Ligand SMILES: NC(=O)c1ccc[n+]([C@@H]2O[C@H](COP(=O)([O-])OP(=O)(O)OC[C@H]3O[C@@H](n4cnc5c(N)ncnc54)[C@H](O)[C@@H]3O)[C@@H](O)[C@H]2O)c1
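The form predicted on its own is given below as one chain in structure tokens.
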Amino acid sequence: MSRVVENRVAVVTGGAGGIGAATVARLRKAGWQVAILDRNMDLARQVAQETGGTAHEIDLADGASIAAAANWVETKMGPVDALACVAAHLENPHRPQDQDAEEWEAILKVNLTGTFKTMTAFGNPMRLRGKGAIVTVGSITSLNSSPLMAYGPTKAAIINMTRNFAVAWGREGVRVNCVHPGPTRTPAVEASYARGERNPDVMIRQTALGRLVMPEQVANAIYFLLSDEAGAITGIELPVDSGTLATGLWSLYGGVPDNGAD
């Protein structure tokens, strides 16, 4: 690994979670210094111990916490070259009339406002230095109807926000892209399966590949878009979904073919 890469700093919000922790591990494997930002400090410290990253607390529902974390990373670790906005407030499926008002506000505050404040807090120094890369994490729920009544709309807004930042900051040297995970076997989703809130077999049937996504596979896409290899890519959306979006209307014609089907 080159010394240039060794000295570069990346930030992962939600770095203690499934996709976030996998992203930390992927960046560390490539030689980056990584700030693991999360609200769960016990888990963040565990990921730091396992990967060699540096844990620090952040709360995306608190603008002051975001600003303080950005200042801490720049002061203690150095200029940030890459930011992965992975942290999010999750939601269980339900109908519109069953939406909890307080949870609606919490999801908007974290997923939308929190992501915006994170991008500006860490991205402004990037653009002033004339270089940097940001990856937001959307969701395939942002691209179609789903029973995630608050989560889906916030992720749809992240698409527009990603494009806005990509154009606004492009000539200042900052690239901004979005990754859309499909059904991913994160610890949080596995817990949801165990509680009976989701059924993995139902989800698998909706994928072209016949399998769910692993956190490491989403992390690989995030890493690529943050890396210099993606230097001419900005303002795009990259689904990592085992072909869930591609199955489209196949359910109207009997579903995705099984192995060996004609």
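Every value quoted in this text rests on a predicted model; they were computed, and no experiment measured them. When you see a residue number, it is the position in the sequence shown, counting from 1.
As for the form predicted together with the named molecule, it is not shown, yet the points below apply to it.
Shown without its partner, this chain lists Gln206, Gln46, Asn220, Asn40 as candidates; in the model of the complex, only Asn40 has a non-hydrogen atom within 4.5 angstroms of the named molecule. Of the residues given (Met149, Ala121, Val189, Ala82), Val189 alone sits with a heavy atom within 4.5 Å of the named molecule in the model of the complex. The candidate site formed by Gly14, Ala87 and Lys155 is fully in contact with the named molecule in the model of the complex, as each residue has a non-hydrogen atom within 4.5 angstroms of it. Just one listed stretch, out of 94-102, 73-81, 159-167, 132-140, contacts the named molecule in the model of the complex at the 4.5 Å heavy atom level, and that stretch is 132-140. Taking the partner from elsewhere, Leu60 is found to have a heavy atom lying within 4.5 Å of the named molecule in the model of the complex.
Taking non-hydrogen atoms only, Ile19 approaches the named molecule to within 4.5 angstroms in the model of the complex. Interface residue remark: Val110 is counted as part of the site for the named molecule in the model of the complex, having a heavy atom within 4.5 Å. Looking at Asn177, you'd find every heavy atom of it more than 4.5 angstroms from the named molecule in the model of the complex. Looking at 165-184, the residues that come within 4.5 Å of the named molecule in the model of the complex, counting any heavy atom, are Pro181, Gly182, Pro183, Thr184.
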